[in-house]
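Below, in structure tokens: the form predicted on its own, a single chain.
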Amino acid sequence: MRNGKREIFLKAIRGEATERPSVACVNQTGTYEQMAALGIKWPDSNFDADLMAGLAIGAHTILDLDAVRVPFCQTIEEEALGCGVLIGDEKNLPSIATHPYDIDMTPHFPEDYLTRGRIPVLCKALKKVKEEVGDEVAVIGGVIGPFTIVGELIGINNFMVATLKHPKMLHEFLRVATKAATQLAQALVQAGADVICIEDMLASMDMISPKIYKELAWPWEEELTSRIAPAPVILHICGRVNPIIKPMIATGAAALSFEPKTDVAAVKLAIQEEGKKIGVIGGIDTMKDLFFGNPEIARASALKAAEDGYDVIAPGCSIPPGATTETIKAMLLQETETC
């Protein structure tokens, strides 16, 4: 008997063989066309659990992907830790507006963290998603990586300066951020998440050096991953990750997600050299293939991604909200197309 979509995705993120390429998005999945079809729009679906769940499920019922995920935005942990948030509108996601700390302050972890901000909304939404999709597709809970959380707590510019001039002053912030991401991830697993995706956007080599990554980002990603186990973890970092691929492998993540600018052959070789079986996710350029592209371009990139050995064919980052359903569904491949 053939595996279902959920089983195919869960096998693929572990680097195991599947009867067809898994196709999913481990980042944001909402699009304007889905919102119109479902009658569920931003910003309401970022603040209401039923609406959040309804739009998330569109990745299954409309896009036909192997996984669904919540949330859509990247502000939930930071808001619960004291950041001010702009709610966004029908076209734009919530964003961080204010940063509660200076580098010389002592960060505080609130004991009522899991009841603050939209964390209860997110957990309720994921539980509802799991109840509705059951075992048809995989359910992904998204959390933000500690390095990125700290960047928003003290402001990205101040944070980048501190990574160079005052790195020791960041460790207490990173400890608090790791605790926040850990507690949220564990709550999402308890709510029904099959997989946790850690998005650590500021840990990109477009932002920092490999040295800073190894000293400040990696240790806390590794600790966070270890605290989420045994649930499988996907680690997503934007940009070209080849310079840090072996530390990323060493976090213990089940799968790695990155943009097509990364040399995937080198990633797979590094995984082999480390004696690991780790899923590789990506291959689709979010802007060139999905936003500015068309179904023919997206399908060609998906076929190339399968040929290049991606275990999960996926956008290298969030799906652009303006991408069409037809273009996104062009990524779907059958077994006969990759034989």
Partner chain sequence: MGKQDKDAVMSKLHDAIMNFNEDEARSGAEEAVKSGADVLKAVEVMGDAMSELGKGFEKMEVFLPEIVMASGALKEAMKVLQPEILKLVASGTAGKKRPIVIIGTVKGDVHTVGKDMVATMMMTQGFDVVDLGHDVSPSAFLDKARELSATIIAASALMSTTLPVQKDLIDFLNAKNVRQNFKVMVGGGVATKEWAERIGADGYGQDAIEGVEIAKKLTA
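All figures in this text were calculated on a predicted structure; none of them were measured in a lab. Positions refer to the first chain, counted from 1.
The form predicted together with its partner chain is left out here; the points below concern that form.
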Quiz item: Here the chain is shown alone; which of P100, P167, P219, P210 has a heavy atom within 4.5 Å of its partner chain in the predicted bound form?
Solution: P210
Quiz item: Considering I156, L114, A266, A229, which brings a non-hydrogen atom within 4.5 Å of its partner chain in the predicted bound form?
Solution: I156
Practice problem: Within 4.5 Å of its partner chain in the predicted bound form, counting heavy atoms only, one of 83-91, 170-178, 101-109, 119-127 shows up; tell me which. | Solution: 83-91
Exercise. Using heavy atoms only and a 4.5 Å cut-off, decide whether all three of Y32, M160 and F292 touch its partner chain in the predicted bound form.
Key: yes
Quiz item: Is P320 close enough to touch its partner chain in the predicted bound form, meaning at least one heavy atom pair within 4.5 Å?
Solution: yes
Practice problem: Answer with yes or no whether A37 is in contact with its partner chain in the predicted bound form, where contact means some heavy atom within 4.5 Å. | Solution: no
Exercise. Evaluate A300 for contact with its partner chain in the predicted bound form, applying a 4.5 angstroms cut-off between non-hydrogen atoms, and reply yes or no.
Key: no
Practice problem: Indicate whether P243 is a 4.5 Å heavy atom neighbour of its partner chain in the predicted bound form. | Solution: yes
